[in-house]
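Just the one chain here, the form predicted on its own, laid out as structure tokens.
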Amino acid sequence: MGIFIQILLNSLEIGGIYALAALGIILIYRTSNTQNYAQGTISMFNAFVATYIFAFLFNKENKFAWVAAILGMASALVVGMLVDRVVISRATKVHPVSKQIITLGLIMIFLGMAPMIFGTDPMPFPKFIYGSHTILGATISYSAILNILIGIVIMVVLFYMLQKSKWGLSVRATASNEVVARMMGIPTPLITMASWAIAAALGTLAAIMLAPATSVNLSMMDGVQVIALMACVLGGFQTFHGPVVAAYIIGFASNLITYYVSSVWSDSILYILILIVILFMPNGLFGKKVVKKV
């Protein structure tokens, strides 16, 4: 029982990281009609910003890690807005596939800028809180508990805003039909810009949550980006909540397969299982078939 609880708690932590990245991807997809392949790279860049601030402005004092993380997310908001205003908003008339290629170009830009600005060496980022606690025979660190709570709270707040606030109504209207939303007076360019900014901040938070377990480096978010995209496919691109739920499912399934089946073949088995689900449910677990009337 203790082992299962341990797997569940670990899955909630890593699933929250995947879910934050997936929610950023789906926000951009629904408002900009493009898959953002640069989500992980943008997140990595701003995680470097947070770590650089922590190391050189706060002299690696752990009590200021919170401030550095907030400043890193603030820089992500600015970067997201700049990417939309300078690049994406100028490509409104291009084919959606061309937009995807543009995001691939953004990967090269941020991968080139990061080592030029921050260097090539990995940089450590501390945990926000230290210590551990035992729950039903499973040991979990206070940092992991904090990560779980932060992920859940942020996603609950965002989903509440999407359903209840004027901003959420504008996002849902833009996602449903941008042309009609614009005709109804909704400032769709601002909605799109806000989506890119929020997505960048969510990805940066995911990177900062992951950083203490690894380090801040150029490839830190590569695996998260892949899993987040898979979560969007598995959950369905037609909903906001589908990819988030799918991210937690993937996190739990991955840990379960790793422990009970094979740690070597866990990724391959997971990908095969996801492929089987998509073969029978091509729109994802929560997606629905879109019918266009002529």
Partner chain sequence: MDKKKTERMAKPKRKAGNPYINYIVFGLIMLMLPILVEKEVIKYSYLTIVAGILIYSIVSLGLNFLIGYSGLVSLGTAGFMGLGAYLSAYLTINLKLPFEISLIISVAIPMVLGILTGLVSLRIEGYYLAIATLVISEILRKAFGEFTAVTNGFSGKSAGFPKLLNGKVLDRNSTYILIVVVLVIVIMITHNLINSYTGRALSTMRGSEAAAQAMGINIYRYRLLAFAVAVAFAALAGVLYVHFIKFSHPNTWTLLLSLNILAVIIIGGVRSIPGTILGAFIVFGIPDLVLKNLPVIGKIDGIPYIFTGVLIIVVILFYPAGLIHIWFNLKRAIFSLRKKGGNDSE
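Please read these numbers as outputs of a predicted model, since none were measured by experiment. Numbering follows the first chain given and starts at 1.
Just so you know, the form predicted in complex with the partner chain exists too; it's not on screen, but the next bit is about it.
Triplet I101, G105 and T120 all within 4.5 Å of the partner chain in the predicted complex via a heavy atom: So, yes: the whole triplet contacts the partner chain.
Region of this chain that lies against the partner chain in the predicted complex, out of 42-50, 242-250, 60-68, 257-265 [heavy atom, 4.5 Å]: Of the options given, it is 257-265.
Touches the partner chain in the predicted complex: K164 (any heavy atom, 4.5 Å): Because no heavy atom of K164 falls inside 4.5 Å of the partner chain in the predicted complex, the answer is no.
4.5 Å heavy atom contact, V226 to the partner chain in the predicted complex: Flag for V226 set to yes.
Non-hydrogen atom contact M116 with the partner chain in the predicted complex at 4.5 angstroms: The answer is yes: M116 has a heavy atom within 4.5 Å of the partner chain.
Any non-hydrogen atom of V180 within 4.5 angstroms of the partner chain in the predicted complex: V180 lies outside the contact set for the partner chain.
Listed residue that, although the partner chain is not shown, lies within 4.5 Å of it in the predicted complex (heavy atoms), from I135, L77, I186, I109: Partner contact (heavy atom, 4.5 Å) among the options: I109.
The partner chain in the predicted complex - contacting residues of 261-281, heavy atom within 4.5 Å: Going through 261-281 in order - heavy atoms within 4.5 Å of the partner chain in the predicted complex - the hits are V264, W265, S268, Y271, I272, L275, I278, L279.
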